[in-house]
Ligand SMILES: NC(=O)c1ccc[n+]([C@@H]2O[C@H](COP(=O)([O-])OP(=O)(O)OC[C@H]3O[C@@H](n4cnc5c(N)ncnc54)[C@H](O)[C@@H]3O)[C@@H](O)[C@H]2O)c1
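Just the one chain here, the form predicted on its own, laid out as structure tokens.
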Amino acid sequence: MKDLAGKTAFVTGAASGIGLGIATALAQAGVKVMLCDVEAAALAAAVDGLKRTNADVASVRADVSLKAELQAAAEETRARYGGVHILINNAGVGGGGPYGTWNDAGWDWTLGVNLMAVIWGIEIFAPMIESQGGGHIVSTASIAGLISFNSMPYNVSKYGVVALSEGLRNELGPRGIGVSVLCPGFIRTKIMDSRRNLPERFAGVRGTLPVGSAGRERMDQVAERVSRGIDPLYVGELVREGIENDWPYIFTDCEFEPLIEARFAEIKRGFDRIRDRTPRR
């Protein structure tokens, strides 16, 4: 999609952080943007700020972990703009902890927002995009969708987004829809305060790290890195470029490249161990 001006985008998790950065970058390119978020006050503030730049933007509140609300948001977008060319599945939470702290609420919340909402977003919006003659889908995973240091539901959900995006790229390309997966590193967002929007039905979610001094220290380290993270608007500009040039993967920096290379080297060693063996049939 070389010429984005005049196109319409739907962005989830758009009230702050990466979502707002993407919405801003797209609006600056002349895209009409429907911002969607669960946080009503922040959403109103984001739209107000963008309208001051004469951007053509609107907003719809929705809890994307509820399919019916996402469907209603799609219908409101259709009513406002007539259709959608660009889908940004960006909403995400950092809920649930590693083995030893798992519970159903943590899995349900994290997978509901981070993975199922992406699946539903594509199910709902891809036909709309196809009816417009094609377009582009970007889903936000994480660098944790390519390297996993523990069994947190967050990492599992992000691996799912990567797998989904890779498969859809093959399936939707012939239909005129490009697919990219965004795998950011440490970005200056509110991910460490995901519980501010925790729905009551997930009230049993436990902490994101094991109890104890080591867990608290690790959380403090991550929070500190996030606070010094990359500017979300810079990420938005990368996403805009990725849409224009149909990038399969959109990265924000090269900090974790060596770890990803090490992961694939270990996978290669797994094949090397059995290379000379003849499988029994």
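One rule holds for the numbers: they count along the sequence shown, beginning at 1. Small disclaimer: the values here were computed from a predicted structure and weren't measured.
Separately, the form predicted together with the named molecule exists; it is not shown, and the next lines address it.
- At a distance threshold of 4.5 angstroms between non-hydrogen atoms, W102 is out of contact with the named molecule in the model of the complex.
- The named molecule is not drawn, but in the model of the complex it has a heavy atom within 4.5 Å of V93.
- With a 4.5 Å cutoff on heavy atoms, Y81 does not count as touching the named molecule in the model of the complex; it lies far away.
- None of the heavy atoms of S59 is located within 4.5 Å of the named molecule in the model of the complex.
- For the options L238, V47, M34, V64, the one in contact with the named molecule in the model of the complex, meaning a heavy atom within 4.5 Å, is V64.
- The contact with the named molecule in the model of the complex, taken as any heavy atom within 4.5 Å, belongs to V113 out of M152, V113, L87, L172.
- Segments offered: 163 to 171, 123 to 131, 183 to 191, 71 to 79. Contacting the named molecule in the model of the complex at heavy atom distances within 4.5 Å is 183 to 191.
- Of all the residues from 123 to 162, those having a non-hydrogen atom no more than 4.5 Å from the named molecule in the model of the complex are T140, A141, S142, Y154, K158.
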